[in-house]
Every structure is written in structure tokens, then in C-alpha cells.
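Below sits a lone chain in C-alpha cells, taken as the form predicted on its own.
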């Protein structure tokens, strides 16, 4: 393995003949080197000699060390497990089938360990991963041979001190990201891939997807109903029926249902609503560009639609021109890109051939990256941000303005996926679809409020936010809370872009939340170091951090109480400011009208008055700034025009919000000024010191 230090705390290792087409070349990721440099220098996190590589039979065998107590996290969008040590996976882009076996929508070959470093395998092949599951005979710390007949500690999973990965190629690039903390390693990985996206402000509002065969008038009627009932809405999604034919697709407007799409787009714009279009990439023989694109199709079809080889620049130009001309230029705001993940029986088989000469598996692993990159460039050409949905992604895609979704619908697993997304540079939405009860609908709705995209995707059942009258007001209050928190969410995404900090992330990335493994009595598995027996019997996969200061602990339908594991340091109730605990497990009673949220000591949450639509360009909004606890606080408030990419040229502002306690014992808040040429959409500023308002709820 030949190592090269390519940025502070980032090393590239090469073995053999690495393939030219890989995840980073497909995504065309552009490292943010200045931001990485601001994280500072860090030493190589392990002995380089402990990372081993071998070329054999046209394959590359990689071996990375694991210490006895070291835990492993990541490997993409897993739905059931947080801790990955001891697991065996084949990283393979696919529709999630109910098991964490590596077949998932975004099997990112990046992992981070509790020792504070990360490893990324830059390959577009299917990778076999043995994450501390294989016991090597030549190990310096071999598994102990035990007598099953007499030893009660015998296990069918002996100790392993290595992560081993098989790459089916004659060489590969490996990247190591130092910490020293796990969060800093994740930050370096995200920044190396360009940093996270900053959505347009409207992207952080609510989206509603309408029935697949709605026509133009029905779409407008749906929008009007939201407005009349006082529920916020920022973008509306059309399902396949907007096209003249779908499965496979013409990508042309159906003239009977949408006789004047430009008029529809304009009417929606007047109502401050953006339009999102469903697509999958497979081309109908009746598409206007079908014949012109014919030299660039793969050997197999998907639903009888041709599969364009989008790794070829000439194919990209032909394919996306219709999207540019008929969708983006008239004002469509984004896409929902479906079915670029699997199943095997849907997508092209691995025996398929493509005119680029790339292997079918390489395109399978990167097709989600290609469609994200190329579609978002259509909007960049117009200096207009987009925010959409996609079914597949992979390493290298951190910066793309897309959120992953799927057809799976287990609420608890959705939260585990949201937690795991923060380890791998992904965004995932636990969308709200059909529900069996009013309580389930409310609980699902509450979690989308605290997620990357507040998406209602109940078009098939026709469920609306107000469909269950008994919880309609609670739903409305939660929706308005999402809008109130817009300054907090927008700044959190700016931190993702400029500093690489995931806006939604696992507790393991939060300071004070320990992950050291220790043997405990009366416990069959110990993945969390915690003095409370309740916390060590299972993974902590049902609570997460949102933005700089908030801990979210969802309630699921049917639950009356739940436990919450608080990191070290004082924590306070989001709604009342009441002190709740410090480094302990607390038990809380479920309330129908609230999702449990807690704020770390000194936390600051900037709010605005609730609007039915996100603030537009140059639209002023007043701030109400909440401070929690007994410690001074600081919050970086981000601002730009909310719609363009001008922030990439410096047209943005950071304002420091600070709260201190003065010598007289009174709290004082300040917010820094903004230069004349910098964006500033903030009007009047008021302060709420929650320690002085205990028992009240200023969020209402």
C-alpha cells in the first residue's frame, strides 16, 4: 500500500492497478480543502503497517486493524443496526429487503470506529465486508480456543481483530480520515466529498405528493385546500401520471391532464409553491429522443424501457436536453428519481453490457450518483437550487441536494436509518404515508418534522394532514413548529456544507455519549458504556441528534412511556426549559401533542414566526431566540438569498448569537451585525431565556 497525505488528516492509499472508474469519479466530488484544513492537522490514526493489502487471482484483499474494545459504525444506509462490528455484508446497491446484509439504497463503503478515524474504499464494485467477523490464524491477538463441553463462555462468533474487505479488482484506492474524534473523522469525509448541500429554503418546508393520475386542476385544488385549512406547504410532487406514458417513460407532459404545464408552474409560483416531478430514467420507445439516444443504450431493458449509459457525456447531452427544455426552464423545482436501486428482477442483470465498456455492476453501484449529479446540474446552470428525492446513492454523493426514500415502511427502522445516515454522508427521510390509526399518523408526522425533508407521501391512500380529525390540530401545530424552526434547520444545513457536521446524526457522534464496550454482569451484550442496565441490553437506535443542540427521542404508536439515554452534561426539556438530567437514563411519559426533544446546556434555538411557506428571497422574518440551561451559549446563524448558488461566491453571512450571564445574574443575548454587502433577512429580534420561563411553552 502506497500512502500519500492529500489534506490535513486525510491520506490516500493505493494498491495494485486501481480502476479509473470509481465512486469519486462518478460523483465528480470536489474536496473542500480549506474547510478540511480548518479542522487542523492530525496524525495517521493507526500504524500503517497494520493496514495490509494482497493481490490474488485478480482480486484485492484488504485488512484493517481492530482493537478489542473498538466499535465500528457506518457502511451506508442500514435500517436495523447501528453497531457493525461482527457483521458480514456485501455492499450492493439494491432496494432494501428487510435485512442489513449490505444490499441497500446506499451501501457506502465508509466506516468510522470508536477510536476516532474513518476508512473509505473508493471502488464501484460489489464489496464483501467482514467487519470483525473472521478470526485469522496469523493474528497477534488470536481468538481463544475454548472447550464447548465445559466452558460457558464459548461462542460461535470468536474474537476477531480485523475488518477485512474483498474488492473484485486488481487494485483499489483507500482513504483514511483521522479524527481525533469520530465526529471529526466524519467531518473530514464529508468535506472531502464537497460538504453537504444547502437546500433552498423552500426545500425545508413541507412537501405533499398527489395521486398519480391527478390533473392540473386537481393539483391546484390540493394546494388551495392546504392554504384554506392553514397547513404549510412549500412544494408539491406529481407522481408518474404527469407523463404521457410511464413505465417506461416519455418524460413528456400528458396533454389531457396537463394541457398547460407552464401555466400550472406559474400559478404555483404565485402561491409560493415549487413543483417536483416523479421520474425513473428508463426510456419509452415513444419518447421524442428515443432513436437519437439509441447508440448509448445498454443491452437490457427495465420495464421494456431502454437504459441510457449516463456515464457517457454524449448520452448525457441527448438525455437531459428534454428535461432542461420542458421542465427546468419553465420552472419545475426538482425531481423524485425512482427505481435506480433494485430489485435484481427489475434492474439490468449483471450480465448486461453497456457501450461505455463499464461492467453492469459498476453502473448499478453508481447510477444513483450519476442521475443526482446530472439532474442537479440542470438547476445549477440556472443558478437555482433544487432539493429532491432519490432511491440510490453511494460514496462521493455527499454534496448532492437529494434525500433518499424507499417503499419500506417500518417506523422504528426508519429512525435507525436516519441515525445511520449521518455516518455516511447521506440524507434520509422517514416519510409519512398511510397509517392504521390517528396516533400512528401523528407519530410518523412528528418524526418527519425532525428530519431532512418533511415529506407527506400518502398519495396512494389519499391521507392528508387533516384526515384524522382527532389529531388534526396536533398535526397542524407540529407542521407550524417545523416552519418556526426554519432558521435553526437552515443554519444546521449550512454547518453540514461548510464544516461537514451532519444535521441529523447518531448519539455516538455526540460528546459525552460513550461507546466503549465493557463486560457487564447480567447482560448478554454490551455495546454502550452506561451505568444503567436498561441502556446496555440493546443498541441505542431510537434517539438521535438534530442540529447542534437537540436530542430527539421519537414516540412510536402504542407506547405510553420510553427511556432516553442522556449524554454527560445537563439537558433540558425543549418545550418548557425544565431540567431533565445529566448523563443518565430517564423515563418519560408519552404526550400525544409532542415528540420528546431535549436541549443541551447552553443550547440556543432561533425561531421565526410560522409561515405557510418558507421565506422567499429578501423576505424579512423576525427572530425569537431561545436559550436553555445555566451555561453561556453560542449559535452560528446562517443567511443567504435562499434560492441561488451565490453563496459559493461568498454571498452569505454568519451571525454569532451569544448568550451570557452578566454580573447581576441576568441573562443577556447579543447577535452580531452584518456587513452592508452580506445577506440579512432578519427583522426584529427578541430573547427568551428558558431558565426564567420554566413551566411555560414559548413554542406555541
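In this text, all values refer to a predicted model and were calculated from it rather than measured experimentally. Numbering follows the first chain given and starts at 1.
The same protein also has a form predicted together with a further copy of the same chain, omitted here; what follows describes it.
Name the single residue among 263, 617, 245, 578 that comes within 4.5 Å of a further copy of the same chain in the predicted bound form, judging by heavy atoms. Checked against the cut-off, the match is 245.
a further copy of the same chain isn't shown here, but in the predicted bound form which of 323, 466, 408, 303 has a heavy atom within 4.5 Å of it? Selected residue: 303.
Quick one: find which of 631-639, 645-653, 670-678, 49-57 has residues within 4.5 Å of a further copy of the same chain in the predicted bound form by heavy atom distance. Careful reading of the contacts points to 49-57.
Check whether residue 439 has any heavy atom within 4.5 Å of a heavy atom of a further copy of the same chain in the predicted bound form, and answer yes or no. The answer is no: residue 439 has no heavy atom within 4.5 Å of a further copy of the same chain.
Residue 232, heavy atom within 4.5 angstroms of a further copy of the same chain in the predicted bound form: Because no heavy atom of residue 232 falls inside 4.5 Å of a further copy of the same chain in the predicted bound form, the answer is no.
Classify residue 222 as contacting or not contacting a further copy of the same chain in the predicted bound form by the rule of any non-hydrogen atom within 4.5 angstroms, answering yes or no. Outside the cut-off, so no.
Does residue 61 make contact with a further copy of the same chain in the predicted bound form, using a 4.5 Å heavy atom cut-off? Taking the distances in the predicted bound form, the answer for residue 61 is yes, it comes within 4.5 Å of a further copy of the same chain.
Is every one of 444, 476 and 611 within 4.5 Å of a further copy of the same chain in the predicted bound form, counting heavy atoms? No, none of the three is in contact.
Sequence-ordered residues of 111-125 touching a further copy of the same chain in the predicted bound form, heavy atom within 4.5 Å: Contacting residue: only 125.
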